[in-house]
Each structure stands twice: as structure tokens, then as C-alpha cells.
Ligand SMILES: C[C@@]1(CC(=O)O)C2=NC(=C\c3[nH]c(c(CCC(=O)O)c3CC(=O)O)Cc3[nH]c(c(CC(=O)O)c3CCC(=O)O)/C=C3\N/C(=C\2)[C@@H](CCC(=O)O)[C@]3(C)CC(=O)O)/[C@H]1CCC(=O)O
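Before any questions on binding or motion, here is one chain by itself as C-alpha cells, the form predicted alone.
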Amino acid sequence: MNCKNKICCVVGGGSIAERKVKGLIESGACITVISPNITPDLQVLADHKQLHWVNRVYREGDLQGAFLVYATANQREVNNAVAQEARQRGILVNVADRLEETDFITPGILRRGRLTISVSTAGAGPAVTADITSALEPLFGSEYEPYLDFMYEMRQIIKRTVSSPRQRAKLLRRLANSGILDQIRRHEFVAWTEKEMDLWIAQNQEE
């Protein structure tokens, strides 16, 4: 979901709210937290103007203009009221303590540049999602960021210079199997010049 520069509200200021806010920060959202109390980490974010903190309990009307909302308060009646207002206004709502009332879920996310891996456990719990996401981290290390940047650049050049879709597919498969990723892992890869890229394409088209 594209939340960049969109108003996203989080009602509640505990650990669940903190997790939701940190995910929203990565998305570039304009974040409003509504709660009389917030965690120390949320306080730091508020002090650094990374979120707007409304230091009071939720009131009807607080969701006006919001793109989406997380209801993470520790009172069921508050979350219920937030969900009710969100639906009346046509706003997407995630209700932390009632999966059946939720319009969308927030999966665990692992990012490596162009690579985004999303993990959902369909309500099994955030701790399980976090454990699985953590288990994936060593499998998809920092080497994937330069690797995918290289693959993206090569794909753009192949698309511009090779007219045959079949030849393009063959070149991209060959490139993916060329051992570039392992070279990056071993810190042996030297970025190709544009001339070297063109030469590789020409040589592998001929084969």
C-alpha cells in the first residue's frame, strides 16, 4: 500500500502502536498518534518531528482526513469506536485486538533495496511473524541490494538493445545464473562499465 505523504492515524501509544509507527515511517506516511501516553521510542520520534502526537484520549472526529488508521488502544471500547468511525468515513482500519474487524493486515517486512519480502501468519501473532522475518534475514543479506541494482540496470539495457522477447528472456536467465551474486558475497565483484555490459550482451547473443 502506498502511504507516502498520506495521513495515517495510530490510536494508542503502547508497544503495538510503536511497531505500526515504525513501519509507517519507512513508507513515508504523515503519522498522527492519538494517546495520553506513549512509549519512550515514540516520544523520541515525536521530539524529532517524525510523528505528530495528540496527547489525549481518542475523540470522535479525530480520523477526519486520514487515509488509514490503526486501532491499538488497550481498551476494547476505544478500538471499537475507532473502527466504527473509520467505517463511517470509508477509511481502512486495522484493529489490533479483533482480526475479524480488520480491513488490512501489516505483514512482517524484510527490505534489501529493490527486494521486499512480506511475511504474514494470518493472525497467528506478531511474535511469530517477527521470528520468521528474522529467520529470513541471514538468507537474504545486504548483498542483494547491489545485486538487484546491477540486474535492474542490465535488464534496462537488454530491453533497449535486444528486440526479440525470446532473446531477452534467454539473456536474463543466463545473467541470473552467471554467479554475480556469489561474487558480490565474496567481495570479488567489480561493477561493469557500460562497454562491458554491451560486450556481455553481444557475446551471449551470439552463443
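Residue numbers here begin at 1 and follow the sequence given. Rigid core here is just the name for the largest C-alpha set that superposes within 1.5 Å across the two forms. Note that this is a predicted model, so its numbers are computed, not measured.
Omitted from view is the form predicted in complex with the named molecule, to which the following refers.
Placing the named molecule by C-alpha superposition of the site, using its position in the predicted complex, leaves the pocket blocked: at least 3 ligand atoms lie within 2.4 Å of backbone or C-beta atoms here. Although the partner is absent here, S120 lies within 4.5 Å of the named molecule in the predicted complex, judged by heavy atoms. With a 4.5 Å cutoff on heavy atoms, N80 does not count as touching the named molecule in the predicted complex; it lies far away. The named molecule is not drawn, but in the predicted complex it has a heavy atom within 4.5 Å of P126. Heavy atoms of G113 never reach within 4.5 Å of the named molecule in the predicted complex, leaving it off the interface.
For a residue to qualify, one of its non-hydrogen atoms must sit within 4.5 Å of the named molecule in the predicted complex; all three of T106, A130 and T133 qualify. Of all the residues from 140-175, none has a non-hydrogen atom no more than 4.5 Å from the named molecule in the predicted complex. In the core-superposed comparison between this form and the one not shown, L99 has its Cα shifted by less than 2 Å.
In the core-superposed comparison between this form and the one not shown, the C-alpha atom of I117 has shifted by less than 2 angstroms.
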